[in-house]
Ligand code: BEZ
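Next up: just one chain, as structure tokens, the form predicted alone.
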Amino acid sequence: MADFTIEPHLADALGRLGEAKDERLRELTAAFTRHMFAFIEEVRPTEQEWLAGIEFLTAVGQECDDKRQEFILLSDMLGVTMLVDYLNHGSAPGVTETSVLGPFHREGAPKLDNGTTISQDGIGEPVVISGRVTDEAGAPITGAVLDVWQTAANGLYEVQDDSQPDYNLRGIFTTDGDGRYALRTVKPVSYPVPIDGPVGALMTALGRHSYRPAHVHFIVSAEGYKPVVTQLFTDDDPYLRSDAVFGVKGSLVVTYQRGAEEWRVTYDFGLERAA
């Protein structure tokens, strides 16, 4: 039996992937294996460090449930989510740029009429967000759906805060015949990502702040078009240039105009036709 060396061991590991029916699965697993071998050879972890890494990933998985996705948070804070976003979504003219989904999206938000508020408790400075959903050429899209969610004035999503009503600051809106939408909410605030779990402990150990700039989440979709997952960021927020999850893009920064009784934001979303 030959002495153990790295290259033959890697070749053996890759050779054992077999004849997978799913060629893409085989490609992904092979690439992951090669990069993991290269990582281990570069940093040469001790057995204790390797076990600590396994325990960390185990803890990340144990923190996930139907209301919190710690692995998404890990991907976000490492900047990986935005890299995947960049590689999968271009910035075609007339199409809204994308951003991270984040770990707190929920299915089943209430369907609301245009102009309705998503704030069930009314705490915070009132805001009206309105605009149109159009195609690449600027033509209105009737029946486009906007799934909207955000934190409360205390910086918490309702799934993090038992004092908030269920589905507070969440709602689904549909554009009218002119492609227009409108919703009422409260002015978003900057807030820290959760640091009570393993990802937060890692950020603290790395000396990183955990704050996200104030924003409102949107998933905009319509039949026959590619959906857009994005966020609208407040232009005067101090964390715009150091978002903990790297989600800010210049085209997604908006200005809140002060009205007589409420803040106002106007923003048009553009969708690309599906192939």
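Predicted model, so just to flag it, every value in this text is computed and none were measured. Note that residue numbering follows the sequence shown and begins at 1.
What comes next is about the form predicted in complex with the ligand, which does not appear here.
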Segment assignment from 84 to 92, 135 to 143, 69 to 77, 199 to 207: heavy atom within 4.5 Å of the ligand in the model of the complex: 69 to 77
Residue-level contact is defined here as any heavy atom of the residue lying within 4.5 Å of the ligand in the model of the complex; does residue 103 satisfy this criterion? yes
4.5 Å heavy atom contact, residue 245 and the ligand in the model of the complex: yes
Applying a 4.5 Å heavy atom distance criterion, does residue 193 contact the ligand in the model of the complex? yes
If we check the ligand in the model of the complex, which of the residues in 199 to 223 reach within 4.5 angstroms of it by a non-hydrogen atom? 212, 215, 217
